[in-house]
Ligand code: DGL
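The chain that follows stands alone, in the form predicted alone, written as structure tokens.
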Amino acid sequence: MSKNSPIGIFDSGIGGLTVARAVKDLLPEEQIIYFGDTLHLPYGEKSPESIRKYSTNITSFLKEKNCKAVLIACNSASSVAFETTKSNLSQNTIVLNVIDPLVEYVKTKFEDRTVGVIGTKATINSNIYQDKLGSHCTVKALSTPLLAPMIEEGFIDNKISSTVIEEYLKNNELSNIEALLLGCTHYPIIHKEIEAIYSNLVEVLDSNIWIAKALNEELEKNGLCSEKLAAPDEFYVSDKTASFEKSTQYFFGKQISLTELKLD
């Protein structure tokens, strides 16, 4: 493990690219190794046992890559496979999930107020946001299972996406909220659409900047900040698709070379 060791980031699909982009914006000298488990997406529809299995396979790969930090860029995996991921890595490896950094911010900003959370079935059914925030604020949670596959298929900023999003947001479960937490790393891609539906009357929050800041703090604390980009970023998928290639170009503004790697 050294300053020049890479940062591992994984998700079931394109959602984690929002985290990867936030990390590169804040820490441009850090090398990223990204794994999108497109063969098994979406994780939100899988059992906790399956998600833990996929996460273990991916973290074993990132361990072989000598990653100094691993970011679980998926709320479903963060909610049911965080401890499994940590136990599969060296004690010296920094392991972060996308839930805790945002939760810490919400605790201070929305104490004794009402917040909503939307996410996959796996995330919402785990009750992780409710458990972590319940003693600080009122939490109203709603599973929104159509959103991640909709985004993966490219239905963004059009009539279809607006209709689906609005149908979810007008659900009574989300009435009278002051903030909405986007409990899936796919959802920042439709952040502006959600804000528009709320007419900016509800604060819409995603985890990307918060996990990037948490990573920076951990790297500084452990003396592991890279001083220069040691090697090019690497992008792996378990099933190579045209939509994923298009998404990487969208997020990084250039052609990205994808390597297909099946881990099971």
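In this text, residue numbers run from 1 along the sequence as written. Because the structure is a prediction, the values reported are computed rather than measured.
Omitted here: the form predicted together with the ligand. The next part is about that form.
Legend entry - Heavy atom within 4.5 Å of the ligand in the predicted bound form - residue from Ile32, Leu205, Ala212, Leu41: Checked against the cut-off, the match is Leu41.
Inset, instruction - Given that the partner is absent here, state which listed stretch (136-144, 116-124, 103-111, 82-90) has heavy atoms within 4.5 Å of the ligand in the predicted bound form. - result: Of the options given, it is 116-124.
Inset, instruction - With heavy atoms only and a cut-off of 4.5 Å, decide whether Leu71 touches the ligand in the predicted bound form. - result: Taking the distances in the predicted bound form, the answer for Leu71 is no, it never comes within 4.5 Å of the ligand.
Inset, instruction - Consider Leu181 of the chain shown here, and say whether it contacts the ligand in the predicted bound form, taking contact as heavy atoms within 4.5 Å. - result: No - in the predicted bound form, heavy atoms of Leu181 and the ligand never come within 4.5 Å of each other.
Inset, instruction - Enumerate the residues of 159-193 that have a non-hydrogen atom within 4.5 Å of the ligand in the predicted bound form, in sequence order, or give none. - result: Residues within 4.5 Å: Cys184, Thr185, His186.
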